[in-house]
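Next up: a single chain in structure tokens, the form predicted on its own.
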Amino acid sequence: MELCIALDLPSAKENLILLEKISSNNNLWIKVGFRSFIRDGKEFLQKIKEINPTFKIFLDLKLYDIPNTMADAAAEIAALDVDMFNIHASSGKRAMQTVMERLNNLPKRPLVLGVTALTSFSNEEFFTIYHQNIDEAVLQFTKNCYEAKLDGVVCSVFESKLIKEHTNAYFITLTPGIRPFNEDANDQKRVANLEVAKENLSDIIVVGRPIYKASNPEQKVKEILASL
């Protein structure tokens, strides 16, 4: 299991200060989302690597568009030299296949994950949009991602083990909404602690608030890594 830290602070300066504080830890995944990337751009990605070249960047933009547009965008993301990004599984198998065909023609490509059901959804909210229960839909999304040759999926920790059973042990499950030591859930509906993440075979856990709101972020990271 690997740790991914979500950079969700209000400014580039605050995010970079956080990374400086935890820079002694190698091979961490660093999640850069909509707000940070739109505000701070590709120069921000370069600054992350300057702080610690072993940091791996997960660009969390959740692409969702027509197949060719998604493939064009994926190629541009690959040119940023990030290590992983994601696309919405809701875009459909053909769109995901088009993305992977484009990327596989490159000399080097990042990992690509499909987003199944956002962890902010309750079952009721999800059903009103997709007219399926979350568990049913996640398995269908996963099947499409697997058949489209993606590297894995973004999912709730509670779906991770089932996804492994329907794909294989190497199909990556990245699970947001992790509260390592039972911290507050805030706006996430389907959250879990480290023990639940382990039981459900999560490959990469995403932790945000419990780290950047800690009085000593470096110590919090070390505690999490020690518990992995």
Ligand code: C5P
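This is a predicted model, so every value here is computed, not measured. One-based numbering along the sequence shown.
This next part talks about the form predicted together with this ligand, which is not shown.
For this ligand in the predicted bound form, the listed stretch (58-66, 37-45, 196-204, 164-172) containing residues with heavy atoms inside 4.5 Å is 58-66. Contact annotation: K21 falls outside 4.5 Å of this ligand in the predicted bound form, judged by heavy atom distances.
Under a 4.5 angstroms non-hydrogen atom cutoff, this ligand in the predicted bound form has R179 among its neighbouring residues. Within 4.5 Å of any heavy atom of this ligand in the predicted bound form lies no heavy atom of S91. Not displayed here, this ligand is approached by T119 to within 4.5 Å at the level of heavy atoms in the predicted bound form. Checked against this ligand in the predicted bound form, the candidates A95, V154, A74, M84 yield a single residue with a heavy atom inside 4.5 Å, and that residue is V154. Scanning 68-95 for heavy atoms within 4.5 Å of this ligand in the predicted bound form gives no residues at all.
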